[in-house]
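Listed next as structure tokens is one chain, alone, in the form predicted alone.
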């Protein structure tokens, strides 16, 4: 019975870790999309400068 509980716990921990990674990936993509397509000149210029500084192609 202890083996089943520990196996179930490990699977649950892996699932939580995977969901955390996927959640952070989605959040990062939303932030990148929002900053890249922002209509606000200040936000767009800041995102543009970061893209150049990190070597990310933007034009």
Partner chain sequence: MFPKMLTSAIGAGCAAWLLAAVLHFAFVQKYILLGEEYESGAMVHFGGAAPPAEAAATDAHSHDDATAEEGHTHDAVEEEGHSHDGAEAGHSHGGGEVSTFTRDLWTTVFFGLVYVAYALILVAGFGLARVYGKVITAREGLLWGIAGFAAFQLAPAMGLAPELPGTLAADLGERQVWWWGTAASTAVALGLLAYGRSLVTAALAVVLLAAPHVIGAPELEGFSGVAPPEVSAAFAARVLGVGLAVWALMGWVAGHLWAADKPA
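Positions refer to the first chain, counted from 1. Here, rigid core means the biggest group of C-alpha atoms that superpose within 1.5 Å across both forms. Keep in mind the model is a prediction, meaning the values are calculated, not measured.
One more form of this protein exists, namely the form predicted together with the partner chain; it is left out here, but the text below deals with it.
Proximity of residue 12 to the partner chain in the predicted complex falls outside the 4.5 Å heavy atom cutoff. Taking the partner chain as positioned in the predicted complex, the residues of 16 to 37 that bring a heavy atom within 4.5 Å of it are, in sequence order, 17, 18, 20, 21, 23, 24, 25, 27, 28, 29, 31, 32, 33, 35, 37. A displacement of less than 2 angstroms separates the C-alpha positions of residue 24 between this form and the one not shown, with the rigid core held in common. Residue 44 shows a C-alpha shift of 2 Å or greater between this form and the one not shown [criterion: core-superposed Cα displacement of 2 Å].
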